[in-house]
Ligand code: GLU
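Next up is one chain by itself, shown in structure tokens, the form predicted on its own.
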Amino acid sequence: MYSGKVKEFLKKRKVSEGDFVKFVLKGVKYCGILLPNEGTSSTDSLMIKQESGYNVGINYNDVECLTNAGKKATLGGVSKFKDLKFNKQMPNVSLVATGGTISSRVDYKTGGVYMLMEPNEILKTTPELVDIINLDAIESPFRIGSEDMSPDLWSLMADIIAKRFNKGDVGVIVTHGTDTLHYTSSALSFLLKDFQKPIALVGAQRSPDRGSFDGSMNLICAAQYVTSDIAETAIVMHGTMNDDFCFANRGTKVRKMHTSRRDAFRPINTLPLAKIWPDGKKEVLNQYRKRDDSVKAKVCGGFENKVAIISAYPGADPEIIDYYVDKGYKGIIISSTALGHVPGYTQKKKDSWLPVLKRAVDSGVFVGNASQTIYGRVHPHVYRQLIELEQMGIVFLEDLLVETAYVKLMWALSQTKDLKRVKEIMLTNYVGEFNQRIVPEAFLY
């Protein structure tokens, strides 16, 4: 709550909470929305949401000029709107809404982002969808940030998607937070490995109240993707920082590579499946599985939760591996350095990972090796240590991304406890998760 002095300061300038204001600070002009002061800053600080979307607290004595810009924001709540009228003659597509920035708004009482109460509020941002698809159903099994995602929710999503496909939808769009979007795209790729219709996972790096909101174009491109002939699970997001086109990136070969850029999702060790423009133009860039609407969708397998990712780094204590073994974990993915190294021939023997990794393998834990370098592949036959790791039973996972390897191992262990069969599954290329040849142009594409 603002102090009495600040309230008088605002009253004289005919400014109140929720007003768009212009102000001058140290000779520089700014514009933003005056927020309530909810106790997160000094009561003498004006809380302003800048045009960039970031909040700032400014002592009112430092403001050289403050004027009302003549517009007002809605403080709290979600505005009502009429449902869009879709054309039943367009292809039937379903939306699975799970939360994330794409389905959020700013609460101007606090300046923070919150999830929308109704998933179909997303559609208010993208009326262009009515010219591309007939939205047959909106399913919202849960609404959470992607950082709170879990394997049981991946399975729930897969069940819903399979149901929608078997009801005749030509494609499904999943809205989802971006932080763990590539984990979910991998999970759905394996769970629905035999289907032959497109799934587009879509997120946003900027919230809908911002001028730089990217979710609308991502949704439009996703709609164009799921009505195409490309029958793969893909993340469909901005291809550049501009609003020109999106990439459709294979769900097992894509990663979030930037915290905030709109083109954060990039293909890894491969090219995108396609460029997709909002007007429906497509440029295919890679081989893909073609649509076959006659194939019945079914969910294949589930997930074993007792799987961990352990990163190798200088000074890493090998006892962390013993911890997971003693806790009864069934699988470990080592996020190794370069070609597959871990701390092995350390100056102090107690720091070596080799004995504890051998114990893990001997205890019946599947240990897979994937490189933390992101690009490239692990290789067991270049260095002596790597040969020893392979000989003790550690499985080198080619060019699998660490995140994809983690999800795939959970999926493999849900189907069999036979470690020979698990190894066979992990080294089988089901949904384009491996590349036999990595083309040079795929690096930093």
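For every residue, the number given is its place in the sequence shown, counted from 1. Small disclaimer: the values here were computed from a predicted structure and weren't measured.
Absent from the display: the form predicted together with the named molecule. The rest refers to it.
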Taking the named molecule as it sits in the predicted bound form, is Thr227 in contact with it (heavy atom to heavy atom, 4.5 Å or less)? no
Against the named molecule in the predicted bound form, would Ser146 count as a contact residue? Criterion: heavy atoms within 4.5 Å. yes
So, Asp243 and the named molecule: in the predicted bound form, are they within 4.5 Å at any heavy atom pair? no
Would Ser335 count as a contact of the named molecule in the predicted bound form, using a 4.5 angstroms cut-off between non-hydrogen atoms? no
Answer with one of Pro267, Gly344, Gly239, Gly177: the residue that has a non-hydrogen atom within 4.5 Å of the named molecule in the predicted bound form. Gly177
Which residue among Gly171, Gly215, Gly368, Gly100 has a heavy atom within 4.5 angstroms of the named molecule in the predicted bound form? Gly100
Assert contact_stretch over 88 to 96, 297 to 305, 154 to 162, 197 to 205 against the named molecule in the predicted bound form, heavy atom within 4.5 Å, equals 197 to 205
